[in-house]
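First comes one chain, alone, set out as structure tokens in the form predicted on its own.
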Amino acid sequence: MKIFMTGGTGFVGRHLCKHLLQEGHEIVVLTRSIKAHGESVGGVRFLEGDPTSVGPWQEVVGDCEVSINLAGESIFSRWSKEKKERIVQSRILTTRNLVRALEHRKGEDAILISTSAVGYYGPRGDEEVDEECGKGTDFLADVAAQWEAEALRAEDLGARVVIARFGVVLGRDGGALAKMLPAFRWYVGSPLGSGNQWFPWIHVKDLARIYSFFISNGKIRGPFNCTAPGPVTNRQFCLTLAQALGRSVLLPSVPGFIIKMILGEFGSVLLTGQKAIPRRLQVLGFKFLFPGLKEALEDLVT
């Protein structure tokens, strides 16, 4: 199939492109600067354009059977008013423009797989959450709900829309794990706050395979938790990572008030979490390569 992708140069996008190319798909990746990549690398064709603005790039979407939406401002920093606005607008405008581009291919052959996050559910304590649970009430929950609503507008055009609610994506060359590894290798990694907050995660290889599952199964639509079936707490994650590295966790937990003092509102996100379960994937028979954290981390750090 021909696949159009926003956010294809990021951590998840790079892995997804590699996986989909191996399966024989053709991929066009939208990028703000084609100079950084050239017109084609490793079988991926790059197209210059800003997904938050209308432009000629939208005409190319009509030539592709599948659109994958990964673009969005990173949430991993202290949130100012301007930062929060960028987080919202980068997601809403990109998705809105991508859906408008799908007007060129009305019908069931149009597939949109749009990113969201398990932050949709908001802080839930020890409650187990699946796709039947309602949205939360905090900032990230509101962002996710708006993001998903924009994507679902493509259904009015006859497109099959799938919402991929990400957990924390683990890979050796990017994302949260790459940021954590140096500290744990130097024996200075430790849990955050109480360490009892849930840490929904997924191996990047399984995430890429889930996208293939979405594409190939024509009956799949709606929201899916893209998380491993074995969620852990923040403390369990830290201990398992240290074990995989042959290290020990020597330092006490980082106090929550310090995290909030440094990171403000975003600090509260790190101190809460969701015990998210990939219920719909399990019901449909998706088989995870890395259902448990121990084997996932051993694959990534050893």
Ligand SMILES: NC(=O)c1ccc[n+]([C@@H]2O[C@H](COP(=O)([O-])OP(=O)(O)OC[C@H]3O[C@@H](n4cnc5c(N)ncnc54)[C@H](OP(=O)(O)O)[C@@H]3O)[C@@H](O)[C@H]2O)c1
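Everything quoted here is computed from the prediction, not taken from an experiment. When you see a residue number, it is the position in the sequence shown, counting from 1.
The form predicted in complex with the named molecule exists for this protein as well; it is not shown, and the discussion that follows is about that form.
Chemist: Out of the stretches listed (215-223, 95-103, 151-159, 71-79), which one is close to the named molecule in the predicted bound form, meaning heavy atoms within 4.5 Å?
Modeler: Within 4.5 Å of the partner lies stretch 71-79.
Chemist: Taking the named molecule in the predicted bound form, would 115, 147 and 168 all count as contacting it (heavy atom within 4.5 Å)?
Modeler: Every residue of the spot touches the named molecule in the predicted bound form.
Chemist: In the predicted bound form, does residue 67 come within 4.5 Å of the named molecule, counting heavy atoms only?
Modeler: The answer is no: residue 67 has no heavy atom within 4.5 Å of the named molecule.
Chemist: With the partner left out of view, is residue 273 within 4.5 angstroms of the named molecule in the predicted bound form by any non-hydrogen atom?
Modeler: Looking in the predicted bound form, residue contacts with the named molecule do not include residue 273, since no heavy atom lies within 4.5 Å.
Chemist: With the cut-off set at 4.5 Å between non-hydrogen atoms, does residue 190 touch the named molecule in the predicted bound form?
Modeler: Contact check for residue 190: no, nothing within 4.5 Å of the named molecule in the predicted bound form.
Chemist: Counting only non-hydrogen atoms and a 4.5 angstroms cut-off, does residue 90 reach the named molecule in the predicted bound form?
Modeler: Yes, contact at 4.5 Å.
Chemist: Could you work out which of 12, 20, 293, 281 is the residue within 4.5 angstroms of the named molecule in the predicted bound form, going by heavy atoms?
Modeler: For this set of options, the contacting one is 12.
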